[in-house]
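The data below hold one chain only, encoded as structure tokens and taken in the form predicted alone.
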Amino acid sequence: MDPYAKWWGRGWDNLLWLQIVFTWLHVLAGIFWFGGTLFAAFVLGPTVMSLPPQMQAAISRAAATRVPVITETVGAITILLGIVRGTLLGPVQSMGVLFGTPYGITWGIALVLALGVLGWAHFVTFPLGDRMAAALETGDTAVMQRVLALGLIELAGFFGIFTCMILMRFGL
């Protein structure tokens, strides 16, 4: 037998290759989504707050048009890939598994949290971005602190999702 057969596909199930590709893409998108939020909360936001109000407003206005589109797209891709990875290519293939196993319950919690984080960003955080630029132009710099505080709720959801991912790795 060819010693490399298992690496070149003759010994591997094609489903395994799909699982690897979907998992890789899911993790990459999740890193981008979560990492972008961490960067915004702990680097970009505080940096922008240290600038003069006119610069804060200009940066906020530019970010308010681009960030939501990118973030919501990456978030939706992450969720969609997670659904495919957990159901079609994973163990959650019945309601019995979803509600009757530790893995299924954790997967369901992660899905609800992810949808909640995406919804929170869409309906709460991003609409404030538009108003934030206008408020900063009038000199209201406290608005940036309010937006960053609301972003912490998003981060709490991400930490919950991240915890679920770790638990699922161990079958919990």
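None of the values given here were measured: they were computed from a predicted structure. Note that residue numbering follows the sequence shown and begins at 1.
What comes next is about the form predicted in complex with protoporphyrin IX containing FE, which does not appear here.
Relative to protoporphyrin IX containing FE in the model of the complex, residues Pro68, Thr71 and Phe126 are all farther than 4.5 Å at every heavy atom. Note that among 118-126, 134-142, 28-36, 51-59, the stretch whose heavy atoms approach protoporphyrin IX containing FE to within 4.5 Å in the model of the complex is 28-36. Contact between Val97 and protoporphyrin IX containing FE in the model of the complex is not found at the 4.5 Å heavy atom cutoff.
By the criterion of a heavy atom within 4.5 Å, Leu148 is excluded from the residues contacting protoporphyrin IX containing FE in the model of the complex.
By the criterion of a heavy atom within 4.5 Å, Leu88 is excluded from the residues contacting protoporphyrin IX containing FE in the model of the complex. Contact between Ala110 and protoporphyrin IX containing FE in the model of the complex is found at the 4.5 Å heavy atom cutoff. For the stretch 55-87, the set of residues having any non-hydrogen atom within 4.5 angstroms of protoporphyrin IX containing FE in the model of the complex comprises Thr78, Ile79, Gly82, Ile83, Arg85, Gly86, in sequence order.
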